[in-house]
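Take a look at this single chain in structure tokens; it is the form predicted on its own.
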């Protein structure tokens, strides 16, 4: 697994203390995090700095955002080698009981044949149900 510093260097994002802390937090999570989740976990970090960091990370394809239907955008670190191209798009699983969202990196979104001159920029595929813990 790559370190925070290696990821930022590969993605050509300037390394700052806040960026390192936010990225470390995201890397240590097994589920996608909302802005509120991150702010609560990093209570000593300025909220606007966290928001700006997330936007910078998303613009530079360090993380991707997920609209899972919960009303809160969630964020997860992109897989190694991901450039957020259509070939990198994957499904997400939203647990309707605990509200956690998981990336399903091994389940890729099938190629969609679009009309001429259409360009796919983003797809949001969310599967909903009960996660392993809630299904026990």
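Just so we're on the same page, rigid core means the largest C-alpha set that superposes within 1.5 Å between forms. Predicted model, so just to flag it, every value in this text is computed and none were measured. Residue numbers count along the first chain shown, from 1.
From this point on, the text means the form predicted together with another copy of the chain, which you will not see here.
Asker: Go through 24-32, 38-46, 101-109, 76-84 and give me the stretch that gets within 4.5 Å of another copy of the chain in the predicted complex, heavy atoms only.
Answerer: Of the options given, it is 101-109.
Asker: Within 4.5 Å, heavy atoms only: does residue 17 come near another copy of the chain in the predicted complex?
Answerer: Contact check for residue 17: no, nothing within 4.5 Å of another copy of the chain in the predicted complex.
Asker: Evaluate residue 59 for contact with another copy of the chain in the predicted complex, applying a 4.5 angstroms cut-off between non-hydrogen atoms, and reply yes or no.
Answerer: Taking the distances in the predicted complex, the answer for residue 59 is no, it never comes within 4.5 Å of another copy of the chain.
Asker: Closest heavy atom of residue 10 to another copy of the chain in the predicted complex, within 4.5 Å or not?
Answerer: No, residue 10 stays farther than 4.5 Å from another copy of the chain in the predicted complex.
Asker: Taking heavy atoms only, is residue 135 within 4.5 angstroms of another copy of the chain in the predicted complex?
Answerer: Yes.
Asker: Judged by heavy atom distances of 4.5 Å or less, which residues of 121-135 approach another copy of the chain in the predicted complex?
Answerer: Sequence-ordered list: 121, 122, 123, 124, 125, 126, 127, 128, 129, 130, 131, 132, 135.
Asker: For residue 111, is the CA shift between this form and the one not shown at least 2 Å following rigid-core superposition?
Answerer: Shift of 2 Å or more: yes.
Asker: Would you tell me if residue 120 moves between this form and the one not shown by 2 Å or more at its C-alpha, with the rigid core held superposed?
Answerer: Yes, the C-alpha moves 2 Å or more.
Asker: Knowing the Cα distance between residue 115 and residue 127 changes 3 Å or more in the predicted complex, does it shrink or grow relative to here?
Answerer: Those two alpha carbons end up closer in the predicted complex.
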